[in-house]
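Starting off, we have a lone chain in the form predicted alone, written out as structure tokens.
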């Protein structure tokens, strides 16, 4: 891990950009150390997502958590995949036409992303936990929800996950969801124009953990109420502290 920039935000949070094996990322740490770590999932495009990511990180830091994120494969300045771009175009075309999104489109778009992204998240976790300012335990918060499912199954260092049900999930991931045993909180926007509500509810039902909570709010994809940030901190306080 190589840090490439550093700045102290006005609330005292230290923000550092880094690269790891060519993958860019950002780490935010509070004043107190060592701190539990929350991995911030997102749909890709660190620069575009930065305002929301830094707000989430600062909110977490106020409660004593470090937060970190990395760029997804095929997003930001990373090389594009022609197959993924075609699948994304097919998905958008179906949504614009008001048609059901075929499973094969979701598979073409999401499964390769999960296969590529999860090893990168695990490598980032290796490097982050080696830092003296990070003490664990670790939580995962955000999307792409399929990535969160895979991480919850294969990464034993993640103790709890707050998953954003705002993206399509391949049917094959439902079997993995049944293997999830860590505590979950799932956030669902009821009127999310780019998501399949019934699929999200079916996925929540499929999760195998004995402790799972669904927070469903009215509104579209970007209309998550601010109080859900406080609810997320309370969730992680139960499992990371």
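Just so you know, these numbers come straight off a predicted model, no measurement behind them. Positions refer to the first chain, counted from 1.
The form predicted together with another copy of the chain is left out here; the points below concern that form.
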Pick the stretch from 46-54, 65-73, 28-36, 190-198 whose residues have a heavy atom within 4.5 Å of another copy of the chain in the predicted complex.
-> 190-198
Taking another copy of the chain in the predicted complex as the reference, which of 234, 8, 241, 2 has a non-hydrogen atom within 4.5 Å?
-> 234
Might residue 19 be said to contact another copy of the chain in the predicted complex, defining contact as any heavy atom within 4.5 Å?
-> no
Does at least one non-hydrogen atom of residue 172 fall within 4.5 angstroms of another copy of the chain in the predicted complex?
-> no
Do residue 181 and another copy of the chain share at least one heavy atom pair within 4.5 Å in the predicted complex?
-> no
Looking in the predicted complex, any heavy atom of residue 228 within 4.5 Å of another copy of the chain?
-> yes
So which bits of 211-241 sit within 4.5 Å of another copy of the chain in the predicted complex, heavy atoms only?
-> 211, 212, 213, 214, 215, 216, 217, 218, 227, 228, 234, 238
